[in-house]
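What follows is one chain in structure tokens, specifically the form predicted on its own.
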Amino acid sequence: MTTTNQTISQSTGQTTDWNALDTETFRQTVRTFFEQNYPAEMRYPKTRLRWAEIKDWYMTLSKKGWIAPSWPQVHGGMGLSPEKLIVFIEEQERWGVGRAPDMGITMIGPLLIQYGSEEQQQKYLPKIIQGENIWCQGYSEPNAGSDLASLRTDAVEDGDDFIINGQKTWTTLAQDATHIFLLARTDKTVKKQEGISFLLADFTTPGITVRPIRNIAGHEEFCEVFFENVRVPKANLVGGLNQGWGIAKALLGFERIFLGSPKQSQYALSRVEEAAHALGLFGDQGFVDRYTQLQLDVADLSALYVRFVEQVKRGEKLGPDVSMLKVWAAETFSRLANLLVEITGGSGAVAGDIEVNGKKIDVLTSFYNARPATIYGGSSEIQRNILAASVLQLRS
């Protein structure tokens, strides 16, 4: 089956070859659509939006043919090149478009396109596009987070099924999901990375329990998922028995480059600048020194991001050195969030908008968001180990 770069809008029936547009024309087209159609009250959400809150926007993009920008057109996507995909995501960030529960679009969809059987593609991909199936990711476990290969959830073959037992944790928005893709151990006699398989499960299957986890901000973005004698058909195995580790790594894709986007830090820097002007801190040399250093850190992050973006645009594979982008982005954001709380004093510990000399500023959201930023997508410690071993060739 051949693919093209053309997208057919479900609402208009019109076909567009987005990659034929020059970059600036494409950027302006996307920008105009977001500005005219994304609800103003949902811009820059302080928490991850739940499905009920953002379903209408998801369906708006679906009807326009824009819900899966990176997917080939034959599977209902826009077929964007890496360069155009980066523009699309940058414009979402610029306008403060909230993330829908998008694991189906960004992770399992592309994986099924690459590794799934034709039956799996036909069964699952259209329902992702149409918003019928909402997916979550079952990777982390209580004792297998950064060391994911130590996972203990197992899947035992039984006739035409696997029987799954175990637990997943930090599963984003599992309470809104209809399906989960997960890693499970299918062979305990081999090296830990070699005995893992990649499976798909429907949440209506008996034996699956989802329990939300309330975080320090009072939100329930993450969940625990328990599997007790859960029967999953062998037809739900993706990529072959014991091939899950390689498939899981394939899911990383553009993840680290987008986690390394400077937008989050740029936004936090603007909040620091707003608060500092309201408090008259630019007359304080100690503050100015710290602010200038962080301003330079954000500039360095932006330059580093552009370097990797250009690599993607050239169609080059990202190497292990992209880990330094993720580290620099997460830790710069964290330092900015800490400074914002510090300069606002006692008021900085108040949730929601606070008034700083007549200026309303949200302080704690950045602080809360910065806590997990150094952990998700691979902790800073793990990223540094990757850089030490794979880039600097250091050995203990």
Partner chain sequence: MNSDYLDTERQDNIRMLAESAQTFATKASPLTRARGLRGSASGFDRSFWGKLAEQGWTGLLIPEAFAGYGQGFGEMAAVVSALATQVAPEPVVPALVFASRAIEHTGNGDLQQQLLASIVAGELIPGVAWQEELAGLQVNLLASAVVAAPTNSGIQLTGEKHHVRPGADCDGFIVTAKQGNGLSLWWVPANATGVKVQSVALADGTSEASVRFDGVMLDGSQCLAQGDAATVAFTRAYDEALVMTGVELLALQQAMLNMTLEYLRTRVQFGKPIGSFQALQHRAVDLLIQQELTSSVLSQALVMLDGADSNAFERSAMASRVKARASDAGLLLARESIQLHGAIGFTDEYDLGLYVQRALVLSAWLGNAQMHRRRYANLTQMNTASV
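Superpose the two forms; the largest set of C-alphas matching within 1.5 Å is the rigid core. All values reported here derive from a predicted model rather than from experimental measurement. Numbering follows the first chain given and starts at 1.
Note that the form predicted in complex with the partner chain isn't included here; everything after this is about it.
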Ile386: heavy atom within 4.5 Å of the partner chain in the predicted complex?
no
Verify the contact flag for Arg371: yes if a non-hydrogen atom of it lies within 4.5 Å of a non-hydrogen atom of the partner chain in the predicted complex, no if not.
yes
is_contact(Met59, the partner chain) in the predicted complex, heavy atom dist at most 4.5 Å:
no
Within 4.5 Å, heavy atoms only: does Phe88 come near the partner chain in the predicted complex?
no
Are all three residues Asp147, Ala351 and Leu364 in contact with the partner chain in the predicted complex, where contact means a non-hydrogen atom within 4.5 Å?
yes
So which of Lys313, Lys123, Lys249, Arg211 reaches within 4.5 angstroms of the partner chain in the predicted complex, heavy atom to heavy atom?
Arg211
Sort through Ile343, Val327, Leu49, Val30 and report the residue having a heavy atom within 4.5 Å of the partner chain in the predicted complex.
Ile343
Exactly one stretch in 334-342, 22-30, 63-71, 41-49 has heavy atoms within 4.5 Å of the partner chain in the predicted complex; which is it?
334-342
Is the shift of Phe226 between the shown form and the other one large enough to count as movement, that is, does its C-alpha move by 2 Å or more after the core is superposed?
no
Checking Ala217 here: with the core superposed, does its CA move 2 Å or more between the shown form and the other one?
yes
Aligning on the rigid core, do we see the C-alpha of Val288 shift 2 angstroms or more between the shown form and the other one?
yes
